[in-house]
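Below, in structure tokens: the form predicted on its own, a single chain.
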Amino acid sequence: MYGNTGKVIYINCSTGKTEIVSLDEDVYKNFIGGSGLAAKLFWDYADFDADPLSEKAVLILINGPLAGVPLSGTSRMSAVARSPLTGALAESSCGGYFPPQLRYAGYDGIIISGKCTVPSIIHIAHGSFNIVSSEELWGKTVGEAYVKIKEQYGERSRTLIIGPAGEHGVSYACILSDAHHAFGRCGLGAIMGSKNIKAIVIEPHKTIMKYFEEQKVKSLIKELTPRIKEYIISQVLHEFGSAGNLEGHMYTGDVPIKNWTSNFNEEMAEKLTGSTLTEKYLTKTGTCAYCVVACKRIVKVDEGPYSIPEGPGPEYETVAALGCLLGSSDLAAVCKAGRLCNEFGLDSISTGATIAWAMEAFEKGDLTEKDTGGITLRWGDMPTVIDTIIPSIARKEGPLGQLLSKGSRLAAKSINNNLIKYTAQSKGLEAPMHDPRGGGHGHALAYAVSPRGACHVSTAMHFMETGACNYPEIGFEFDLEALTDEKKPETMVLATAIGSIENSACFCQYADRSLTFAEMVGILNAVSGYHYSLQDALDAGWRIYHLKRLINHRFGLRACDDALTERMLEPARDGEPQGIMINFDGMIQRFYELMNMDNVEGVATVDTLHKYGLEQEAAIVWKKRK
């Protein structure tokens, strides 16, 4: 086997049993790796009746076949489980240095079930893996635990760590890799915490990779690396981070403000954009293994109420979610709030979105001091957000902390189902910080049909609609107009396949923007020996997408759940997209038609599933329907 090792670690935390699961090469070829292979393993290993935080639930972390290849954008892995936030498929990805080390250790991934009797870590070193008690780490922040682990296992060890939010079961708790990179979305940190696993630690191993075509891999690395580095998007990301175009996004109406009630604020555009962050607080850039883009921000705020020592800084989503969405243009406060989310192990998108929901509900009188425990919620009140709200969420303390720890949808339902009108989410997952009313109407379709809920990276629509990529070799050479529905369903068909490939091969969607589709498939073949044609690769992408939809069907989701909230579909109130309607119903019905999906059940027809080799899966889902 090439690229992959064919070996996945299985750990039952309840019994202490550990073993190696060996996978056939055909399974890799059919599901690529990463989120695709994790979804397949979830289908095979999961108890679909299990609560997400129960002992019977499984957490699966899987590398892409390219992890460990010294090429920008390949050092990523995916995680899959059942989300405590949505009740449906949880999927998240993470970069950094952990994925290559797992590959060098000889493993493609980890399946975790059961629950440890005491707080523990999973330790991987020198061809062995075991569970080790770590009660002394429980209750510590991510940064504190990271320091302790480094002291014990060495500076070169790599880590996945949860914070207090994961320990307390906050439904959008995340997992931090080396205290910086994050499995951010869907509450995977809560799942890890429910198993009494504080961290996964891997000690360094020799850099050994076996390629199908070694010389071709080396040639491609030599050819692609300078192109990736010199690509205009890469240069902007390096200089200004992912928030580098916040100002530009603001002027198109792409940035949601004050809980999606506004699309334009000139002050925020100037004060929160990436160039301002670079000028005022950046100390250096950070990166993932082997990446020449180096888009990560390392920041320091020297003085004032929001001072923080040098450490991880905010990316675009964090800046918008903890700045624009809350009605604040204070960049130092954003840096502080983002750092707190890291330390507590909270997804910054869901944190900001849930607080913003509460602020609007409080402003309208639908949420009262009785609900908040006497805490007053006001737009832009960052001292309260930082000193009170975020810590209370992470520890589920007091009425407000307990309420907001549920996420916006469940919090709204627990007060009054009518309050869902203030949320911006799909399937319970709070939307990322790109407003489809201004960023492009295809985003609305992408958010709705994404298996994990509102997401702009589970498909490639975000980049295809904004003109960041073009793939004429597979029929995508549309000149798309952002604020219309024209050709968006047709684009979405390809976007589902490309997104599935990216998240399963675990390509970084920044670094691969300068690659043609043929080059993406070419490096995948040269490393893994999959022998994909371009059509084979697309078919693998669609196979993975349909499998994820089948998983959600077993959790009770149907086509009616491919929906956006009232707030997300009402015409924008200001800015460039003011008054423009989104033809959402027309787009989604056309998408179902093009994908041969049942517009009631929300999954592909039996014939379509058979076409992609999902006969057994189709039999289970469609038999239950009858």
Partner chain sequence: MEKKKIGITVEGAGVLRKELFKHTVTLDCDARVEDLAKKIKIKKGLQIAFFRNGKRLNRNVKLHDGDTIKVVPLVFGG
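Residue numbers count along the first chain shown, from 1. What you see is a predicted model; the values in this text were computed from it and never measured.
There is another form of the same protein, the form predicted in complex with the partner chain; it is not shown, and what comes next is about it.
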query: Option from 195 to 203, 300 to 308, 262 to 270, 496 to 504 whose residues, in the predicted bound form, bring a heavy atom within 4.5 Å of the partner chain; finding: 262 to 270
query: Listed residue that, although the partner chain is not shown, lies within 4.5 Å of it in the predicted bound form (heavy atoms), from Gly467, Gly154, Pro391, Gly398; finding: Gly467
query: Listed residue that, although the partner chain is not shown, lies within 4.5 Å of it in the predicted bound form (heavy atoms), from Ser329, Ser275, Thr491, Ser113; finding: Ser275
query: In the predicted bound form, Ile131 touching the partner chain (heavy atom, 4.5 Å); finding: no
query: Gly169 within 4.5 Å of the partner chain in the predicted bound form, heavy atoms; finding: no
query: 4.5 Å heavy atom contact, Gln402 and the partner chain in the predicted bound form; finding: no
query: The partner chain contact at Phe555 in the predicted bound form, heavy atom, 4.5 Å; finding: no
query: Those residues of 245 to 263 which, in the predicted bound form, come within 4.5 Å of the partner chain by heavy atom; finding: Asn245, Glu247, Gly248, His249, Tyr251, Thr252
